[in-house]
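One chain follows as structure tokens, the form predicted alone.
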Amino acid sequence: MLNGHTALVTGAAQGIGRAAAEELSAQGADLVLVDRNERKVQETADSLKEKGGSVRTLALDLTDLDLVGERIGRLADEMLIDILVNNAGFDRPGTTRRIDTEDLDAVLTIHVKAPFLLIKLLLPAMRTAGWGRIINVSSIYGLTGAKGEVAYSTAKAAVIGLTKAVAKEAGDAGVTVNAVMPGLTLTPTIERFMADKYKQQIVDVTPLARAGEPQEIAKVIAFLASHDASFITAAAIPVSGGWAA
């Protein structure tokens, strides 16, 4: 159980982030939920509070790195956040011919620069406490790449590198750093914007012959945040139904 610990989850308004918040709260963690959608993240918080969870929200655009530094830095001065789930993200689909440097930088900012900054802000207190958990959400595309997803694939590969590098510097303080690599997962964004034919193409080459649910990714995140995962660090764990294994 995670009673006495506080978890900050980004992209917590929906999908994997909301599911991770639910799992961590069920294990007893206090929560700080971060999302740029103030209304939806408050809905997540209200739902958890109804179940007895201790939750606060922070409406924040993580691509505004100066504001992130100010707001999260102030929060870190107020409380010990010893679990960090870097989940927030978005995509700018396209090949190298279509993607410009502004699109690439936007995707790298949300997936790599913002997690790096959050780690930079929160890791010192974890080191002092002698315990911490950092879980970064990468993707199977970070391993395989994907046609038409050059920015996203690049960013998610960088998340794996960030995870392994920070794990090596934080391990001596009892802080573990791991990544999960979801496959096709039925988040609201995928349900809304990904054509059924493309979903089916992935399902057809997935050994479990289906897409995942956000809760299935969240359970792995919650495990990595738990005391049971005390000897796991620098790992990038596929949670993909066997796709691209």
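Please read all numbers here as calculations on a predicted model, not as lab measurements. Residue positions are given as counts along the sequence shown, with the first one as 1.
We do not show the form predicted together with a small molecule, though everything after this point is about it.
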If we define contact as a non-hydrogen atom of the residue within 4.5 angstroms of the partner, is V112 a contact of the small molecule in the predicted complex?
no
According to a 4.5 angstroms non-hydrogen atom cut-off, is T187 in contact with the small molecule in the predicted complex?
yes
Taking the small molecule as it sits in the predicted complex, is G53 near enough to touch it, meaning that at least one heavy atom pair lies within 4.5 angstroms?
no
Any chance A88 has a heavy atom within 4.5 Å of the small molecule in the predicted complex?
yes
To verify the annotation, which of these, Q201, N37, S47, Q27, has a non-hydrogen atom within 4.5 Å of the small molecule in the predicted complex?
N37
Name the single residue among D61, E70, E216, E43 that comes within 4.5 Å of the small molecule in the predicted complex, judging by heavy atoms.
D61
Exactly one listed stretch (70 to 78, 165 to 173, 123 to 131, 152 to 160) reaches within 4.5 angstroms of the small molecule in the predicted complex by non-hydrogen atoms, and it is 152 to 160
